[in-house]
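This document starts with one chain, in the form predicted alone, laid out as structure tokens.
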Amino acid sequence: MNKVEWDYEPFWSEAVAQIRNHLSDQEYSMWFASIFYESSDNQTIVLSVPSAFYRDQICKRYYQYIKQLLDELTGCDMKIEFMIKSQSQKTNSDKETTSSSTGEEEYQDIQQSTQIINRKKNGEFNPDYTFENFIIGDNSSFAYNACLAIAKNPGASYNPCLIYGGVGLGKTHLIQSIGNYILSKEKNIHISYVTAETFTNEFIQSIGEGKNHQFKNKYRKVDILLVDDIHFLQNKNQTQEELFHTFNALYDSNRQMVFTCDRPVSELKELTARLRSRFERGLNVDLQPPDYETRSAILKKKCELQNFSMPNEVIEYISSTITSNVRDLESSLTKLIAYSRLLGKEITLPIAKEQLKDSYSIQSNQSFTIDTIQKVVGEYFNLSSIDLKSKKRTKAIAFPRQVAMYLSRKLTDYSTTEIGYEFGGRDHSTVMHACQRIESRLQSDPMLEGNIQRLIRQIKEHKKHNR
């Protein structure tokens, strides 16, 4: 009997489109531009990467994210396998090989290629992030108009400007709209957009290569500096020091700076006081979750941009059930559009409800608080909330703390940075590690799965009794 061929390439293409929509251009170019679909069989998809180092980094950083997307798109429990191919092999042969370069050399090669790609993109901006494509609501009109004023007259008013708000509310869209607007009017102006993580990585690399002077020149000689996600700078004292001096150099010469953050800067406890005071010096404006009318307008605009007709009753259903942020709205819409185009079916209300039932379930849990989760998990393991927030690392406390972090990530829309802060000011990487540990154990420990489900029921009961 001939072996059945399974073609998951359309699903991989759709997953890549969603990944690109959710990551910054730098992050996407660095880690996903060199991943290629190779083949698929039953519920396994094979992807090629340029080296073992690259493969290990992808598995460490993004494996669960990629798998979750593919599971949702295919409706199957997908398995992902990686094969190593050099650039020459991608064009000349399908032979597997190993890389002879070191991990550090490979990382530098990736950085260099990313820089080339970003330079070609004329300022590192996503062309879809424009003021015209941003849907204004009561939650965002202040921030929108502030950014538009900055774009029209950079350096004159509102300098610096800090936009803050939860995940997926449009901070990156607005800050990149400034860059796109200015570049559309003046091609020769020097604008630099960078995430705080990329700024940190470049700074570390410049120290290691003895090129600190070049790094300083890169950011202190720009006309406009746009920095995304400054909450990432917490506990990174040397990077904070460098940004402080960069800030002063630009401010003294009346050059525009705009920053984004996931919370008010006053809540960044691990930021030096003098850098915090610099951010607070100018205009600070917040973004709130969109209301029903704004959510509906966003969905209709996204359908228009993708040339897709969605029934009004489906738009109304999504707008009513997905209330957290714009990113979740877009993700739900993207899933339905992918379902329609890949399977050749029109989207109806029953189909929308079935495909988005997991999203709706998550949304219904958004009123959970981290305090409630800590209380329930603490009682379950005979610990106090104080124990879970403490610096103690004994096994009796460390494992329950990891469970509580995992449930906080699963049941709320708090970022890993915000969760880390609620657990004694821990770094976001600690929360990510905790979630990965629990997810890994869940695959091999049926008893833990039962305990997790029991805890979720208890958290729901606690919520119900405290309404």
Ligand code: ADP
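On a predicted model such as this, the values are computed, not experimentally measured, just so you know. We number the residues from 1 along the sequence you see.
One more form of this protein exists, namely the form predicted in complex with the ligand; it is left out here, but the text below deals with it.
Of the listed positions (E242, E330, E72, D286), a single one reaches within 4.5 angstroms of the ligand by any non-hydrogen atom in the predicted bound form, namely E330. Contact with the ligand in the predicted bound form, defined as a heavy atom within 4.5 Å, holds for exactly one of Y181, Y158, F232, Y129, namely Y129. The partner is not drawn, yet in the predicted bound form one stretch among 335 to 343, 206 to 214, 165 to 173, 146 to 154 has residues with heavy atoms inside 4.5 Å of the ligand: 165 to 173. Residue contact check for S320: none of its heavy atoms lie within 4.5 Å of the ligand in the predicted bound form. Although the partner is absent here, V258 lies well away from the ligand in the predicted bound form, with no heavy atom inside 4.5 Å. Using a 4.5 angstroms limit between non-hydrogen atoms, S192 is distant from the ligand in the predicted bound form.
Although the partner is absent here, F82 is not a contact residue: none of its heavy atoms lies within 4.5 angstroms of the ligand in the predicted bound form. In the predicted bound form, the residues of 127 to 150 lying within 4.5 Å of the ligand by at least one heavy atom are, in order, Y129, N133, F134, I135.
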